[in-house]
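The same protein chain appears twice below, in two forms, each given on its own as structure tokens and labelled structure 1 and structure 2.
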Structure 1
């Protein structure tokens, strides 16, 4: 029987969560969207957790709620005893949602009056202290996330951010309580519920905090968090780390990187790849808007280069450049153009023989996975914290491929070259 059912609000976040569950000993399958069939082959067999990857982070709240409820219903029917709603470690959202509305809808569906919320992921320098989210040594709103084109994060106080999205009262379980261990956390939950609090932000500044938190969440029907909390949950199901949980088939085929993220981390990764003198092609959104067949141009450029090693195709740019393009094309149109183009390029590269593909950026990953006709993925070994290799069957290409979906903010500067040494 399925033990843990997970819902992720974007595709890179789904693999991030699945990666932590695998490292903690669970065998994990990630589905692309809500499966249309009941729990059965090809998803059956030796699987402890399923992560349903949605593309719901930046859509209308009503649509995000509907998709999340559909995912929860499928997971419960499959036997999941606990539901985990996963969002980004930078708590990406707006004053309207979608974290708050989805959380409250899932609470109603699961008949629970309390849950927790924490995006803490210390392995990737995301920590929560006194309810404030830090990215590295600085507050979230000073990390570059204040310039995010879709979900600018201008407030690091998570209680305040989440309360703006929720009808239920939002409270805090602070670091002093967490440090005392599971019993103290459970007692604090009881106190908060008596005070009318329905959702509590939880402090965590180290992995030890997340491990102490895990047992206190065992009885909750719903957990909401970034991927960090996942390291403390498998112990509740009697599971421990094992190498077998991350085994994948042998990697084959040429290598390529497709990058649409404009985060500071991905900008550094693009530059590091270019600095190695490997081939790279930058997309110009204005050319796309003018109707130039950029997909054909890129594929013609890449074909003679692929046998020599990885190639990079990117739309990654700094915040000023992104805003300039958005001013001409509009925010939604600019993003949609780039996503469609990168998805077409990814599909063409795989059809040409690329068997190891790195995709950077949540929106880009969603578009590429859908274009490749991937319905589910087996989660494999970690490359960097939060980013594993996966194995999937591409219906569009008619073959299995190795794929990694990298959140824009994750990975070291050398990620685009290091990844292929781990396949």
Structure 2
């Protein structure tokens, strides 16, 4: 029976949460969107948590609420006894939401008058102190997030930020209470409820704080947080870290990397792969726009090389080249064209026998997963922080494949070769 049901407001954030749960001892499956069929318990029923990956961070609040309620209803029907709403560790939201509206809608649906909210993730340098969120050594609103194009975060005081999005009163469980342990936290929750507080921001500056917080959340029908709080929850279900939780079927097939991320980290990873003298093919977006059948060309190039080891196909480029392409094709058109092409290549590679695939880029991952006909993935061992191997049934392969989806800034420079030593 399912224990924990999770709803994540974006795709790579869902994997990040799943990865933390696996490391804390749970067997986890991530679904792409709300499943259309009832829970059929893959893995012989041995799944402790399901993470439903939505793309609801910046859509209209009314749509985010609807999708989140659908996800919660599906998870409850599957047997989840607690729901975890996961958002970004930089609390990405606008004055309208979507963290507040989704939290309140879930509270109503789950008939609960209290929950917590904390994006703290000390392993990732996100800490909350006296209700203020720090990203690295500075306050959130001095971290660069104040300039985010979609969700500018201009106030680091999360009580104020969340209060602006909520009808219910927002309060604080501060570091002094958290330091005293689960009983003190539970007592503070009782006090806050008596004062009419519906949602409490929780301070946490180290993993120990999250481990003390965990037991105090046992009775809550709803937890809302970044991925950090997940490290303290499996203990409530009698679970502890074990190598079994990350076990996947044996890896098979050839190895390939498909990269559409243009982040600084991914640019370094592409260069490091090329430096090892392994085969790499660079896509030229202008050639794609001219209608050349690059997918067929790339597949013909890759086929004789695959038996010798991993190949890389990339559109990854530095900021100046991307700007030049965007100026000619338009930002959205260029992005969609490259995503479509990389997804076609991923599908072709998998159909030809690639069984271990690395995809770099959040949007690129979305396009590839769709092209591969993947509806859910089992989460396996971590390659680098926040990026695990996954195992999924692919329509394109007609069988299971190993897959890792790397969001832009994650992973060390050697990620594209290191990944295959961890499969």
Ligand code: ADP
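Note that the structure is predicted; figures quoted are calculated from it, not measured. Numbering follows the first chain given and starts at 1. Heads up, when I say rigid core I mean the largest set of C-alphas that superpose within 1.5 Å between the two forms.
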Structure corresponding to the form predicted in complex with this ligand: 2
Where C-alphas switch from fitting one rigid part better to fitting the other between structures 1 and 2, the hinge among 211, 245, 168, 278 is 245
Can you give the angle, in degrees, through which the smaller rigid part turns between structures 1 and 2? 19
Quick one: CA shift at residue 337 between structures 1 and 2, core fit, Å? 8.0
